[in-house]
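As a starting point, one isolated chain is supplied in structure tokens, in the form predicted on its own.
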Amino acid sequence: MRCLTFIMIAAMELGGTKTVVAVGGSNGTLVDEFRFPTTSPQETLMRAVEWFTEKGAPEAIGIAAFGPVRIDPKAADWGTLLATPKPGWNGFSITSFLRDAFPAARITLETDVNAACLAEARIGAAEGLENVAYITIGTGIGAGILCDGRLLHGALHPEFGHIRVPRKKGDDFAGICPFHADCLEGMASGPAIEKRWGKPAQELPVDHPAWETEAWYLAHGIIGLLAISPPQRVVIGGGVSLAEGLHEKTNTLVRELAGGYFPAVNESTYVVPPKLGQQAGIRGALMLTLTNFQPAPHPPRH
């Protein structure tokens, strides 16, 4: 019988409001984790380094970061946060900080939503599927996309939250995105819901008209995904997704909008909640160190 080696690795899920650090296995198994608020770049990363150091010197570190972030390992600014609205983070290099702290560790970097998508596709709500989209709705809206078994990249990485979607009839809400006003994120993120209705999502009742509006915008965004990189299943996570009935409403509307053209949406389980819940991102970060997801060797320092 072949023996499988269980490799202990480190992982970090760097979010806009909270950071999760963990040690575990490259199969996504968690051994220990620690969660704390995301503050300034130096304070946040130093806290992560101190926690890792208590566990020992990591052989590999998988990072799942909020964006936009340079994920191309061949780029001179690999691991640098780009035009993020989060104060103090624009231009900060996550990878440089961790390479200085752990020079012997192999570092892999992905977006937080791509990492969550990977975990849900391998051991979660889309297990066994090679074409999956993971959408998160919270402070912003983002999507990770697995296409033919590979995480989707491009000149940057998917920015699903900033696509344009048709306005719901009679909707005159201006949108809150500081870059595009009424893009999907500007119309349907957590802050957009609160601005539009005067209450945060978690305080709105199940029968509130907010949820029909939310499903409308999400469904139109998913139709866009179907037309470009058709997922076999769409997993919707994040704090806003906890609203009762939102997945079902979105699933129904996606099927109506598809007009019988996209076969995948005929599956009753097309739009689903995450199986891994709040651990999807950190477990995906552990999985990033698998050989077939590792980036090219570290680029030279500049």
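A quick note: this is a predicted structure, and the numbers were derived from the prediction, not measured. In this text, residue numbers run from 1 along the sequence as written.
FYI, the form predicted in complex with another copy of the chain isn't displayed, but the following is about it.
**Student:** Exactly one residue in R196, K168, K86, H180 has a non-hydrogen atom within 4.5 Å of another copy of the chain in the predicted complex; which is it?
**Tutor:** Partner contact (heavy atom, 4.5 Å) among the options: H180.
**Student:** Can you pick the one in G245, G277, P263, G56 that has a heavy atom within 4.5 Å of another copy of the chain in the predicted complex?
**Tutor:** It is P263 that has a heavy atom within 4.5 Å of the partner.
**Student:** Contact between L156 and another copy of the chain in the predicted complex at 4.5 Å, heavy atoms?
**Tutor:** Close contact exists here: in the predicted complex, L156 approaches another copy of the chain to within 4.5 Å, heavy atoms only.
**Student:** If you check in the predicted complex, is F160 within 4.5 Å of another copy of the chain, heavy atoms only?
**Tutor:** Contact with another copy of the chain, yes.
**Student:** Examine S96 and determine whether its closest non-hydrogen atom to another copy of the chain in the predicted complex is within 4.5 angstroms.
**Tutor:** Output for S96 is no: heavy atoms all beyond 4.5 Å of another copy of the chain.
**Student:** Can R122 be called a contact residue for another copy of the chain in the predicted complex at 4.5 Å between heavy atoms?
**Tutor:** It does not: once another copy of the chain is placed as it appears in the predicted complex, R122 has no heavy atom within 4.5 Å of it.
**Student:** Taking the partner as it appears in the predicted complex, which of 144-152, 205-213, 96-104, 187-195 has residues with heavy atoms within 4.5 Å of another copy of the chain?
**Tutor:** After filtering at 4.5 Å, what remains is 144-152.
**Student:** Quick one: name the residues from 87-122 with any non-hydrogen atom within 4.5 angstroms of another copy of the chain in the predicted complex.
**Tutor:** Not one residue comes within 4.5 Å of the partner.
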